[in-house]
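As a starting point, one isolated chain is supplied in structure tokens, in the form predicted alone.
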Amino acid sequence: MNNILKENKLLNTRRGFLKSSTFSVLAFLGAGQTQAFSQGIDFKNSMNIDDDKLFAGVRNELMLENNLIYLNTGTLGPSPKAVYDKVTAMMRQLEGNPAAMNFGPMGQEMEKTRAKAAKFFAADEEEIILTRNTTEGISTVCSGIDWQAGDEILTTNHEHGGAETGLNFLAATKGAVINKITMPYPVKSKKQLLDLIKAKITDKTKLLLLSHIETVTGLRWPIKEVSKLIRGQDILFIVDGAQAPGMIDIDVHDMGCDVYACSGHKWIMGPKETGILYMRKGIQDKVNNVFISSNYNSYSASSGTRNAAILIGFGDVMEWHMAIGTKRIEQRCMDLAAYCQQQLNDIEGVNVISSDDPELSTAIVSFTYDKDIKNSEIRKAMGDKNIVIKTLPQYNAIRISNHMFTNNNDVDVFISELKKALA
């Protein structure tokens, strides 16, 4: 009985919490206590596993409905069951002793997520802020910079509404002028994109916002080349990275942008309401927002209480990606997308609006069609067959997300049902 009492007392301490059965069994990768996941695939040794087995293992780790073909990661990605289990277990632990847990062991564990995000982004920890989503990251910057009426913002007509929220705030409150490049589709070359930027930048341009990967066509902007193009000019370069991390390998220092914002709940497949804001050290003094006025820690006096459980889970899912290999994931996604494009190109009347240039294309494949059918009807027809896709209202188009857990057979089933729907 004395031993039991001692053990129960130990579990109420930080050391005991970290060693408790719930935490150690559900923790993976970073904690190093168990195999990475529960299905028998050791992702920490993924270099010894062939692609078919590895990515079938990834699919087995998800909680997607049976027989569901999920081609809409660009909207929201499915989290691994191990992440869900760990987050829910920690939330239960939290409610057992809220203040002690949240501001004690769980809070300290949460702070490690910034370092994991920095590694994931190839950045310095001092450049990383944990947010709730891409929109919050971009809005934090836009609402914290000095601005003069008449200063210009350059962006495109293919940006997401969440990113535009920050730009519209500057226009409404500071007199900013927003200029939009009308994007060609599909884009043919990097030169075409760089020429568009050159043609639209003026002496009044103070902010440039581009998507790393466009949400509409999946176009991959040559961010590094754009950074070099505007270097030396007084232009803040913000990159909307909502669609990129988790799909492609990210190195923000190599890209050279000033700001990079993303969500954790799309291609990274993390808990919902998670995100990363990168701010290059050289521009941090120019951003004065109350949310980050204390410091960049996950929890600070200016951020207020955070959801420690989901931020810890977010750190774990980034470690999972790095264990699999972010470059390997990128190659897998690109191979899937190339096959998807090929199959769509073989359908008469279908017009792929995503670039086929390997340097500009991504795992997102979007297309229109000659038939006079609303894309909402196509989406419903696919939904009736347990196939989830995304509609693009501005072009009556369809968007397909080819993430690592999908396969060519999923595309084949989709193509077969698409032909029936278009017929």
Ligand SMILES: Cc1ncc(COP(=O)(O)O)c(C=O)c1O
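Remember, it's a predicted structure, so these values are computed and weren't measured experimentally. The first residue of the sequence shown is number 1, and the count goes up from there.
In what follows, reference is made to the form predicted together with the ligand, a form of this protein that is not presented.
*Asks:* Just to be sure I understand the contacts: of R220, K86, K266, R332, which is the one whose heavy atoms reach within 4.5 angstroms of the ligand in the predicted bound form?
*Replies:* For this set of options, the contacting one is K266.
*Asks:* Using a 4.5 Å cut on heavy atoms, which of G166, P245, G315, G74 is close to the ligand in the predicted bound form?
*Replies:* Selected option: G74.
*Asks:* For the chain seen here without its partner, which of 186 to 194, 319 to 327, 92 to 100, 132 to 140 has a heavy atom within 4.5 Å of the ligand in the predicted bound form?
*Replies:* That would be stretch 132 to 140.
*Asks:* Are all three residues R114, E127 and N297 in contact with the ligand in the predicted bound form, where contact means a non-hydrogen atom within 4.5 Å?
*Replies:* Checked in the predicted bound form: no contact with the ligand for any of the three.
*Asks:* So in the predicted bound form, is the ligand close enough to S79 to count as touching (4.5 Å, heavy atoms)?
*Replies:* Because no heavy atom of S79 falls inside 4.5 Å of the ligand in the predicted bound form, the answer is no.
*Asks:* R306 versus the ligand, in the predicted bound form: is there a non-hydrogen atom within 4.5 Å?
*Replies:* Judged by the heavy-atom cut-off of 4.5 Å, R306 is well away from the ligand in the predicted bound form.
*Asks:* So in the predicted bound form, does any heavy atom of K206 sit within 4.5 Å of the ligand?
*Replies:* Residue-level check for K206: no, no contact with the ligand.
*Asks:* Is there any non-hydrogen atom of H160 lying within 4.5 Å of the ligand in the predicted bound form?
*Replies:* Heavy-atom contact with the ligand at 4.5 Å: present for H160.
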